[in-house]
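What follows is a single chain, given as structure tokens, in the form predicted alone.
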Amino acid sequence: MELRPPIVIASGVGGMGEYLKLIDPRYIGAYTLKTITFKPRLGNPPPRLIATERYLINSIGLENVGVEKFIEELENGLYEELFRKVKVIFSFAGEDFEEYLKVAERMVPHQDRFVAFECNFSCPNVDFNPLSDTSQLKKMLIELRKKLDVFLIAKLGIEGAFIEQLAELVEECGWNGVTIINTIRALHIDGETLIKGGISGPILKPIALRAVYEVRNRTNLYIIASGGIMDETDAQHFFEVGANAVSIGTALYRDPTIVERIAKRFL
């Protein structure tokens, strides 16, 4: 996969293409859609977001319309402007291993429209954690590889196993890349309210940087670095330890023009 500039809009934060209204598409290497699951999901009950200077905690819970509705929207041309302007990455997940396979099967006829498929194995806001059972994960990686003839990316987190070992498994099963890392489970106390969710933002950068470093030293996978990239210097650090591209997520909430500034430096 060749992305110029090597800048990816992160799944979740970027919604279903809404940030194209705020960012010149020339500065977007690829746009990752919100994660789609087999069944529609309403997401978690509120409160679902808390922002501080150092971090953001979200508990969205993969809210989405489900794969059947998404395909209907796709076939009805809802995303034509997005496809016309940028490369698009399809993100998907399931509530168990079988649902990952079902989403993949439904998307086979449409896979050529996307520059890559990103399989979200690491959302901290849902009950199922595929990374905690590596033997089953390996079986699914193999089955998904058989079904899909597209650039395949595994979105990995640091909870469940050492991320470099997971990445080696991904490479062994014939996948092409990894997105590193996802948000991490965290808790925020606001008065009498406890907010549970996945933490992102500047506080995540050292953890993500170490993860990219370890995976680059153990694999030849295409690496999309994600976690605490808030400016050009952050992006530079991730490229120095082996990232092929950087994914911008939480920083979009603060200032969407960060994408253009990073892109101009690394075009």
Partner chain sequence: MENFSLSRCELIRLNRDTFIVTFNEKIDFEPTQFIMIETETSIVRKPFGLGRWNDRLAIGVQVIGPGTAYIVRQEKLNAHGPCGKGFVPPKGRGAMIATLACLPMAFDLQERYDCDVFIGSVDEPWIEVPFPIVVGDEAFLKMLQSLNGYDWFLVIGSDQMEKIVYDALKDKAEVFVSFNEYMACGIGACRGCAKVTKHGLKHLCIDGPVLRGEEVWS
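Residue numbers count along the first chain shown, from 1. All figures in this text were calculated on a predicted structure; none of them were measured in a lab.
Heads up, the form predicted in complex with the partner chain isn't pictured, but that's what we're talking about next.
Asks: Going by heavy atom distances of 4.5 angstroms or less, which of Ala235, Leu56, Ile223, Ala208 would be at the interface with the partner chain in the predicted bound form?
Replies: Only one option qualifies, and that one is Leu56.
Asks: Answer with yes or no whether Lys34 is in contact with the partner chain in the predicted bound form, where contact means some heavy atom within 4.5 Å.
Replies: Taking the distances in the predicted bound form, the answer for Lys34 is yes, it comes within 4.5 Å of the partner chain.
Asks: Check Arg48 for me: does it contact the partner chain in the predicted bound form (non-hydrogen atoms, 4.5 angstroms)?
Replies: Yes - in the predicted bound form, heavy atoms of Arg48 and the partner chain come within 4.5 Å of each other.
Asks: Considering non-hydrogen atoms and a 4.5 Å limit, does the partner chain approach Ala30 in the predicted bound form?
Replies: Taking the distances in the predicted bound form, the answer for Ala30 is no, it never comes within 4.5 Å of the partner chain.
Asks: Against the partner chain in the predicted bound form, would Gly201 count as a contact residue? Criterion: heavy atoms within 4.5 Å.
Replies: Although the partner chain is absent here, Gly201 would touch it in the predicted bound form, with heavy atoms inside 4.5 Å.
Asks: Just give me the residues of 58-92, first to last, that have a heavy atom within 4.5 Å of the partner chain in the predicted bound form.
Replies: Those in contact are Ile60, Glu63.
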